[in-house]
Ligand SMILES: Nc1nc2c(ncn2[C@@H]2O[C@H](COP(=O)(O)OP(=O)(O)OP(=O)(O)O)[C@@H](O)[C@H]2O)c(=O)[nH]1
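One chain comes next, on its own, written out as structure tokens in the form predicted alone.
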């Protein structure tokens, strides 16, 4: 079986060309808009091109005509179809290599089958000239990206998440960003039970000369929010770890979120199992959390959990923590940055070079210079 693409201004015109060229038995593999919606591309599958030549109506007419031009017409028509198929075979080989690379990469990162299928099918639809570009385009199409603003927001930013996710360090990094940009920051922590929780954050805020408040319950949190409102540029709230599978824990967190004008941001650890990450993200999404901040990108080697969490919860990627350093410790998550985690530049460049060489070296049976 072979693949071939057809271009036209409208979908109906493209489908008619497919039927005229490949017959009614052609299987439509993919469709997509081209040139900003001004044209469409339809990819169809048929049997081997030799069968297409024999079944082509023009071939049969020439064969039945019995004219002196029959042999020449047959030969010219067959050569034209052969050139077209050779050209597309090169494209198919290149696309096959990219699909294979992306599939292997997703499997290495333990991405669930349904998530993998979405990524691969989207990458195929948007184009596969380069593995990194194809994956970046797929991520951009499938997921949301809303990095944290470097300027203060009207809402207090509350970092929530399970124990050990890195909320306190992320709070310090967030505070450091605002302070380094010249803004005044107020930090509130509700993590008053964990041993060393307040002390750790106090050490950071002291260096940053930021105001640190402790809130043991919703009433104290509301009081601190009112006191800091108008006196600082940005309020950051660090919370204690909450068990996403414990109803009481999540109910208590919901009360804290409702204490004022607050945006909760999920801090989620990289390297977790994909299904577990998805369940964690879905639990916090039920509380109205819309953005997540991945941590430990520098020590994790499997990022399928982050992708699965984003797809199953609908959350947007905000910033990420990829260093233990507090200063400049957060980086915006973008589709390209996410692709870098899955496709190291060396393997991407190697595959891209291989596919381009393969396509250019075989096209039309000639080597291009």
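These figures come from a predicted structure and were not determined experimentally. Numbering follows the first chain given and starts at 1.
The same protein also has a form predicted in complex with this ligand, omitted here; what follows describes it.
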query: Option touching this ligand, based on a heavy atom within 4.5 Å in the predicted complex, out of 136, 295, 105, 190; finding: 295
query: Among the candidates 289, 169, 175, 259, the residue which, in the predicted complex, approaches this ligand to within 4.5 Å (heavy atoms); finding: 169
query: Contact flag, residue 43 vs this ligand in the predicted complex, heavy atom cut 4.5 Å; finding: no
query: Residue 180: touches this ligand in the predicted complex, heavy atom cutoff 4.5 angstroms; finding: no
query: Interface membership of residue 163, this ligand in the predicted complex, 4.5 Å heavy atom rule; finding: yes
query: Residue contact check: residue 194 to this ligand in the predicted complex, 4.5 Å heavy atom; finding: yes
query: Interface segment, criterion being heavy atoms within 4.5 Å of this ligand in the predicted complex, picked from 276 to 284, 111 to 119, 251 to 259, 155 to 163; finding: 155 to 163
query: Heavy atom contacts to this ligand in the predicted complex at 4.5 Å, residues of 308 to 335 in sequence order; finding: 321, 322, 323, 324
